[in-house]
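Given as structure tokens, the chain that follows is alone and in the form predicted alone.
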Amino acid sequence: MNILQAENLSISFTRYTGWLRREVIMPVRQLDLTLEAGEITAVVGASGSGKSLLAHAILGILPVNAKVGGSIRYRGEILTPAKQARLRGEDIILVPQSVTYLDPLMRSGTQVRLAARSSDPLKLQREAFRRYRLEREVELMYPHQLSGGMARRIMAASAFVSGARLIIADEPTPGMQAEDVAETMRWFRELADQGHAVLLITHDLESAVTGADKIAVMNAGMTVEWLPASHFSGRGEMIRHPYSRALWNSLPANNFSLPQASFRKVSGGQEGPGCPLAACCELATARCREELPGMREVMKGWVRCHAS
């Protein structure tokens, strides 16, 4: 079941650069994504590629100088600001990147119970604590008394008890040991298997490949490819976009020493008639420099590239 669909999404910001001088930057443009119930979709890309802005656009928590173009549909209906306010924290919940999102003045158990949609929130909270290996005494702890791992479990427990149809996890595994990353991914898999749609925002391609069903690769504020996670295998023969293939082959475990495009970080705010990646892609043609590619279906996935 289609839970959320972003089509040709753009996010721009107006900022002042001097006395009465303004400029408009567009860090996200032509972003396309579909989220299905029962699936984990990972959005991967370098820092600054627009991943977290996507989450904030869905939740309706962008700053006031932001302008959103294109469309976001939730369960087939346009996601208006009024609907975002109604769904935020109910049908759509965020597992944030920073544990500072926890209320410093509220005990951990209380915070989880407030997220619960149940006639017996205490029972549901304690069930969640057992699931995430949190002892009973943790209920009475304040956030400053929690270890980093305990705090992340509290946020995962809040998502578990919420009953939300869409769970957005923004960089949930930074700095974790491999076993903790694997455990976190198992939590999200459990939620997906219960029928939730999970949007995982991460720069960790390796963990995304092992835990997600589909992967959307972002660069320069665009979705450059959207494909099944199983396509990230071998030497990347089933990966169509040169940037996605370069990401895969650059992992330490995939040191194949194959010729590939040499990509550098590209700002999503750069404007121009062609593909923003053309200047650093060895496969670029004259068409790439003159015409921005659209998304087209290839091998059970979608790719935005003239050369693929």
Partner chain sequence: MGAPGWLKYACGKLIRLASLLAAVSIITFALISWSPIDPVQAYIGADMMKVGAEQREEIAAYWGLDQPPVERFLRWAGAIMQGDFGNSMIYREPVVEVIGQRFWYSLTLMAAAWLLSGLFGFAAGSAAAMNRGGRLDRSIQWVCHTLASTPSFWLGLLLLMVFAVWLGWLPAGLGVPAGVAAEHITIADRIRHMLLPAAALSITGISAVALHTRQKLINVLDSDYILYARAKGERGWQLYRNHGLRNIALPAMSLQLASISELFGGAVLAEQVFTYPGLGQATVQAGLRGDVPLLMGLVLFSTLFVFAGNTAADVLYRLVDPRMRGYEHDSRIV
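Residue numbers count along the first chain shown, from 1. Remember, predicted model here, so these are calculated numbers, not experimental data.
The following text describes the form predicted together with its partner chain, which does not appear among the structures shown.
Partner-proximal stretch of 192-200, 225-233, 209-217, 139-147 relative to its partner chain in the model of the complex, 4.5 angstroms, heavy atom: That would be stretch 139-147.
Contact flag, residue 72 vs its partner chain in the model of the complex, heavy atom cut 4.5 Å: Outside the cut-off, so no.
Partner proximity in the model of the complex: residue 274 to its partner chain, non-hydrogen atom cutoff 4.5 Å: Although its partner chain is absent here, residue 274 would stay clear of it in the model of the complex, with no heavy atoms inside 4.5 Å.
Touches its partner chain in the model of the complex: residue 120 (any heavy atom, 4.5 Å): Because no heavy atom of residue 120 falls inside 4.5 Å of its partner chain in the model of the complex, the answer is no.
Distance check, residue 115 to its partner chain in the model of the complex, heavy atom within 4.5 Å: Contact check for residue 115: yes, within 4.5 Å of its partner chain in the model of the complex.
Listed residue (169, 79, 92, 128) with a non-hydrogen atom within 4.5 angstroms of its partner chain in the model of the complex: So the residue touching its partner chain in the model of the complex, by this definition, is 92.
Residues within 4.5 Å of its partner chain in the model of the complex, restricted to 92-123 and counted by heavy atom: Contacts from 92-123: 92, 93, 94, 96, 100, 101, 102, 103, 104, 105, 106, 107, 111, 114, 115, 117.
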